[in-house]
Ligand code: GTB
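Just the one chain here, the form predicted alone, laid out as structure tokens.
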Amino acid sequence: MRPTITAFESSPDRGRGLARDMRVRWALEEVGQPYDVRLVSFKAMKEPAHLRLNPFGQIPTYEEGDLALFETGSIVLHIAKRHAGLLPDDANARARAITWMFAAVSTVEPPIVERSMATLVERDKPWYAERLTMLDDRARARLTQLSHHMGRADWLDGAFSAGDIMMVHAVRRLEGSGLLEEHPNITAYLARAATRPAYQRAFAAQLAVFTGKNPD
């Protein structure tokens, strides 16, 4: 059955691939599952029809028959369990890949998102410079830990997995901050992910919403 996901009608990221539907698009592209996209406005996201799919009024959502899901970790895990290619066959490696999915959204992403929000809404505040230094240090600590774990490895734990989808997308939010350049292995990790054909198709599809042009 062909699933339907929701995405921003007008994305705040201006097609940079940072909106969270990118994670779901990427996972679907990796497993070769065709999907439909229903674009929603900020107003529609707070209306009853969308709140029945996501009670918090966010995107993306995922509908497949009588199944409706929200939260990208849950959606990507559902896709990975239904299709080969995003979770290892070995039980222990599979469990580790799922652990990395949780680590991405629960441990690595929160300080990065907090920093991003501060740069958007607190620039004119008298405390901004001091607060940004603190937020940089928090994000830097997580990047350092991630860098130490990865060493010279291509992916988080052996082969590419759903854990990498979640981690790459979380860390990419720091592009342009100068923090990523402190860890060449992390910048190489992001660049490696961006060369994957599935990533490029997902990115092009999200960018097309902003530009109004269909991806080639």
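All residue numbers refer to positions in the sequence shown, first residue = 1. Keep in mind the model is a prediction, meaning the values are calculated, not measured.
What follows is about the form predicted together with ligand GTB, which we do not show.
Heavy atoms of H183 never reach within 4.5 Å of ligand GTB in the predicted bound form, leaving it off the interface. For the chain shown alone, D136 is not a contact residue for ligand GTB in the predicted bound form, no non-hydrogen atom being within 4.5 angstroms.
Mapping the unseen interface onto this chain, I59 counts among the residues with a heavy atom inside 4.5 Å of ligand GTB in the predicted bound form. A residue is said to contact a partner when one of its heavy atoms sits within 4.5 Å of a partner heavy atom; E122 fails this definition for ligand GTB in the predicted bound form, lying far away. Not one of W155, S161 and P197 places a heavy atom within 4.5 Å of ligand GTB in the predicted bound form. Scanning L53, L28, M45, L179 against ligand GTB in the predicted bound form with a 4.5 Å heavy atom cut-off leaves one residue, M45. The stretch in contact with ligand GTB in the predicted bound form, judged by heavy atoms within 4.5 Å, is 71 to 79, chosen from 126 to 134, 84 to 92, 141 to 149, 71 to 79. Residues of 74 to 94 that come within 4.5 Å of ligand GTB in the predicted bound form, judged by any heavy atom, do not exist; none qualify.
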